[in-house]
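A lone chain, given as structure tokens: the form predicted on its own.
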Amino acid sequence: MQIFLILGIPVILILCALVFKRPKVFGIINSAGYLMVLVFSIILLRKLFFLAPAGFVSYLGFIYLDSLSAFFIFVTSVVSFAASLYSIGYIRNDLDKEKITEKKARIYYLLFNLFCLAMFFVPAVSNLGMLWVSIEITTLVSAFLVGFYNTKESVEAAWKYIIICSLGIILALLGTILFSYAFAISGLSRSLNWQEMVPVAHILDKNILKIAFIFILVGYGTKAGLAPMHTWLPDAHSQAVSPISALLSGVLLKTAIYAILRFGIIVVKGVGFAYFGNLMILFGVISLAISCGFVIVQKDLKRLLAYSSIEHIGIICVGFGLGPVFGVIGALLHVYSHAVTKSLMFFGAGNIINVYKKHNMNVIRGVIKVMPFTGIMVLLGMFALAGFPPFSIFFSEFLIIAAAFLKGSYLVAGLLLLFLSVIFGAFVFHFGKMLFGNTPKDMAVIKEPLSVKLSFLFLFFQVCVFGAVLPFIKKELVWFAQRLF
């Protein structure tokens, strides 16, 4: 029942956005709607992840929900609510400064809800073909949000985003067709329902599954921002509206990871874990290496955070590639930890850019003096994002590195430690200059909206408390990780 409320509330908000003519007020209504979505997603997560980790629910053969689905829906709802709360002050500021009109603000909320609805559909559908359709819809809708301000740079980024991700999604479609073909030639009825394919994966043609998964990994890996298919991501994230940058990095990339996992489970049961794991580790390490180089030399604030997203997607892939138990637990927790931490950082970047009118980190100085609340949140978020204890990303990275050592993958563990150390140093260097440099003479202290502060605190609370709750959910996480593949 909860899933229909989770999907229904964004639909209602879409209809309201079409008729409601006061965007400043609608922003509050929109945020209240996503608070309800968050509550229902927590109920669903508790039902499927904690009370019945092996259970699932299915409706009319179209909706299929298990503990993996519930987890990704929960992550999506957390970031969606935070982004809706942050949007209140952000859009109001754009209206007050006449950067956008009220009509444009209404379009923003319409696209915002369409985007969130599409992302909620991805982990909810049972048919792998509909999964592909849902991810394609996220591309088409979010492209308008990337090019929202209609500047030369944003429009160029939106077109680049559409072209590269559409090419990737075509490869994913070919992979999906090959999975269906492997199912059909095995003497079974042609189907793309995941729950029908998994039980018979062991009798499917292994060579077709291997080829099909390469298409899936490259295709959906393009949408996830895996290197070397990542080239759209820095432009799109840097040009999108800041609440949308948080959704792109915190949630959209994870929907593609979810799709890879769904196909990967079939491959593991049909071919064995080694094939799946080696490919995931390979692309994960490549993503870490490439992002590490770009983070060091980066000058644009939002592009820095975009390349950091590529790094963290690489870490997640390495975790899943290392396998149960610690690798999978670490990867799942990293999905959640990165989502909340990176959203906080994009909100901070949005505030800084709005005040300083610049993206270039070399000319942004004294943020803590000009914007004390944002400055402190960004400082703490920087340490959290770099994996500094006791923040949540530290625990997920620790589990993944531990998994590498326990598996005997010492080279992978060494590379992880090397790249994470370099990126930590680069973050301290870049953000140290911005936060503590000499304040420009014409800059006055800025008063930040309450809705913006609440969105920061909502996310930062989760960044901090994760380590405290981990011992209480260890049993469920271990049980789930053992059964995932």
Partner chain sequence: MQAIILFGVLVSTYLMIIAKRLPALISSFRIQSFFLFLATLSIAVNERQLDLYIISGLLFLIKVCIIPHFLYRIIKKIKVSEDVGMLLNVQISLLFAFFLTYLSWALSGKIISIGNQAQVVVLAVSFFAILTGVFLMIFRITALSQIIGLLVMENGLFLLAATVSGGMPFFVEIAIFFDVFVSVVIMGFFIYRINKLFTHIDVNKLSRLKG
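Numbering follows the first chain given and starts at 1. Since the model is a prediction, treat every value here as computed from it, not as a measurement.
The same protein also exists as the form predicted in complex with its partner chain; that form is not shown, yet it is the one meant from here on.
Which residue, 290, 325, 208, 370, has a heavy atom that falls within 4.5 Å of its partner chain in the model of the complex? Checking each option against its partner chain in the model of the complex, the one that comes within 4.5 Å is 208.
I need to confirm a contact call. Of 273, 394, 144, 356, which residue comes within 4.5 Å of its partner chain in the model of the complex, counting heavy atoms only? Of the candidates 273, 394, 144, 356, 144 is the one lying within 4.5 Å of its partner chain in the model of the complex.
Three residues, 137, 151 and 181; all within 4.5 Å of its partner chain in the model of the complex via heavy atoms? The answer is yes: all three residues contact the partner (heavy atom, 4.5 Å cut-off).
Its partner chain contact at residue 102 in the model of the complex, heavy atom, 4.5 Å: No, no contact at 4.5 Å.
Can residue 156 be called a contact residue for its partner chain in the model of the complex at 4.5 Å between heavy atoms? Residue 156: yes, in contact with its partner chain in the model of the complex.
Report yes if any heavy atom of residue 366 sits within 4.5 Å of a heavy atom of its partner chain in the model of the complex; otherwise report no. So residue 366 does not count as contacting its partner chain.
Please check if residue 239 has a heavy atom lying within 4.5 Å of any heavy atom of its partner chain in the model of the complex. The answer is yes: residue 239 has a heavy atom within 4.5 Å of its partner chain.
Counting only non-hydrogen atoms, which stretch in 276-284, 75-83, 301-309, 221-229 is within 4.5 Å of its partner chain in the model of the complex? Looking at the partner contacts, the answer comes out as 301-309.
So which bits of 280-297 sit within 4.5 Å of its partner chain in the model of the complex, heavy atoms only? Result: 294 alone.
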